[in-house]
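First comes one chain, alone, set out as structure tokens in the form predicted on its own.
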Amino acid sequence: MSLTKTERTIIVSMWAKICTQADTIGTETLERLFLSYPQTKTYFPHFDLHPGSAQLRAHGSKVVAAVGDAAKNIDNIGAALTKLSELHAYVLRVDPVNFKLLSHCLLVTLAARFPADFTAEAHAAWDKFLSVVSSVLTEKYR
């Protein structure tokens, strides 16, 4: 699946706004993930998962930074996320379905934070982009 020029433009344009709130968006996305899909907490037994905890904020920041790496390297997402893909597949052994759950939570967070920018067209572009990111992150599982 590849992104159209229009979709790429939407992603890059919105990323410029998202990156200014990356820490908050990351934290909110993880809080939403753990609340909506509590089974995902099993990968974080050593974390303080209370809303707003330092560990949650730090990991949320990493998650959004990885999405940012993908957005900044939108023409070669695979190369940008190779190490992260290997980490999650070989070391952390995260169930691939969790990337889809996280993507959904990020979409909801973006829609809530940027209602004027998150048009139907932007929603479709971000959904497709995050599907590509999820696919890249799970390709080491195959």
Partner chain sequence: MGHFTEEDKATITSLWGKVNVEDAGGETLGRLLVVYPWTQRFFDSFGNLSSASAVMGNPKVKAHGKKVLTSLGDAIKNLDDLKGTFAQLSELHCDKLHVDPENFRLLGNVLVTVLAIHFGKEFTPEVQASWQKMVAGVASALSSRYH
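Just so you know, these numbers come straight off a predicted model, no measurement behind them. Positions refer to the first chain, counted from 1.
Just so it is clear, the following notes concern the form predicted in complex with its partner chain, a form of the same protein that is not shown.
- Residues within 4.5 angstroms of its partner chain in the model of the complex, judged by any non-hydrogen atom, belong to 99-107 and to none of the other stretches in 69-77, 99-107, 40-48, 55-63.
- Looking at A120, you'd find a heavy atom of it within 4.5 angstroms of its partner chain in the model of the complex.
- In the model of the complex, its partner chain sits beyond 4.5 Å of every heavy atom of T82.
- Among residues of the shown chain, R32 is one whose heavy atoms approach its partner chain to within 4.5 Å in the model of the complex.
- The closest non-hydrogen atom of D127 lies within 4.5 Å of its partner chain in the model of the complex.
- Annotation for 1-16: no interface residues with its partner chain in the model of the complex [heavy atom within 4.5 Å].
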